[in-house]
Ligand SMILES: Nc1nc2c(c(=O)[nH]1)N[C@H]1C(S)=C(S)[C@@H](COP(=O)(O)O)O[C@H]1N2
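Quick setup: one chain, the form predicted on its own, written in C-alpha cells, and binding and motion questions come after.
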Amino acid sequence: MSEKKPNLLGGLREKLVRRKEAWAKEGRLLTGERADPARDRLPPGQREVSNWPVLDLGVQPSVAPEKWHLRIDGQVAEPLAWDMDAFLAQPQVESVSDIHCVTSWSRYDNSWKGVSARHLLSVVRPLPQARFVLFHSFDGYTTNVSLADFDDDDVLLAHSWEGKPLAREHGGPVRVVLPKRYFWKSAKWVCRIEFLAEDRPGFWEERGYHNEGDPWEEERYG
C-alpha cells in the first residue's frame, strides 16, 4: 500500500529553519566543555528550567488517539503495525528521566508512561544487519539514532507525561523519549520506526546538527 509522505518544509516557517541552520554553522551555544553523566547531571551549556518549553517548526499535527498508528519495518524479522488499542495492550512501563534540549534548557524528573524500546525490540526482532533506527513523524519529520542508543533501559514510546495523556504540543498522542540524547532525537508524533543497515541522517542532521547528539559531549552540531 502506498503512503503519502508529508512535505515537512512545505508547512514550515522556512525562516526559522534557515535561522537554525545558521546556528549550526556558527556553533551557537557551544562551550567547548565536556561532562561526565555519572557525576554531572546538567550537561555543558545547559540551564535548568521548571516549565516545559514548546519548540516546533510551526507544525503541530492533530492526530486523535483513535486515528494514531505506528508502523515498524525495515531490517526486522517481524514487521508490525499497531493502532492505539494494540499499543496500549503491550506491557506498560513508567520511568522518570531528564530532558536536555539543544537550545540550552534542561528539565529534571519528567515522569513518563508508555512502551519500552526493549519490549518493542523483543517483538520485532531486528535482523543481524540492523544497526540504525530512523524515526518518522506524522508531520514528515525524521531523526536517526544508532540501534545501540535505542536499545537502552530508559528509552520508551511515551503516551503520558506526569500522569496525563501527552499533549499535542509535546508530541502526543505518542512520542519517542531518549533521555541520553538531545531532545530533537526524541521524535514527536511518531508514526513509523524504520530499522536500517546503513545510517540515514534525519531532518536536522541534514541541516548541520550532530549525528549522535550526546549532551555531555556537547554534540549540538557536527
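Treat the numbers as computed from the prediction; the structure is a model and nothing was measured. Quick note: we count residues from 1 along the sequence shown, nothing fancier.
Omitted from view is the form predicted in complex with the named molecule, to which the following refers.
- Let me know the one among 34, 69, 170, 41 whose heavy atoms come within 4.5 Å of the named molecule in the predicted bound form, would you? Selected option: 170.
- Message: Against the named molecule in the predicted bound form, would residue 108 count as a contact residue? Criterion: heavy atoms within 4.5 Å.
- Response: Residue 108: no, not in contact with the named molecule in the predicted bound form.
- Query: Is residue 181 close to the named molecule in the predicted bound form, meaning a heavy atom pair under 4.5 Å apart or at it?
  - Reply: Output for residue 181 is no: heavy atoms all beyond 4.5 Å of the named molecule.
- Message: With a cut-off of 4.5 Å between heavy atoms, is residue 141 one of the residues that contacts the named molecule in the predicted bound form?
- Response: Answer yes; at least one heavy atom of residue 141 falls within 4.5 Å of the named molecule in the predicted bound form.
- Item | Close approach of residue 154 to the named molecule in the predicted bound form, 4.5 Å, heavy atom | Residue 154: no, not in contact with the named molecule in the predicted bound form.
- Task: Could you tell me which of 144-152, 113-121, 131-139, 77-85 sits within 4.5 Å of the named molecule in the predicted bound form, going by non-hydrogen atoms?
- Result: Heavy-atom contact with the partner occurs in 131-139.
- Message: Is it the case in the predicted bound form that 28, 206 and 220 each bring at least one heavy atom within 4.5 Å of the named molecule?
- Response: Negative, none of the three is within 4.5 Å.
- Sequence-ordered residues of 53-76 touching the named molecule in the predicted bound form, heavy atom within 4.5 Å: 53, 54, 55, 56, 57 sit within 4.5 Å of the partner.
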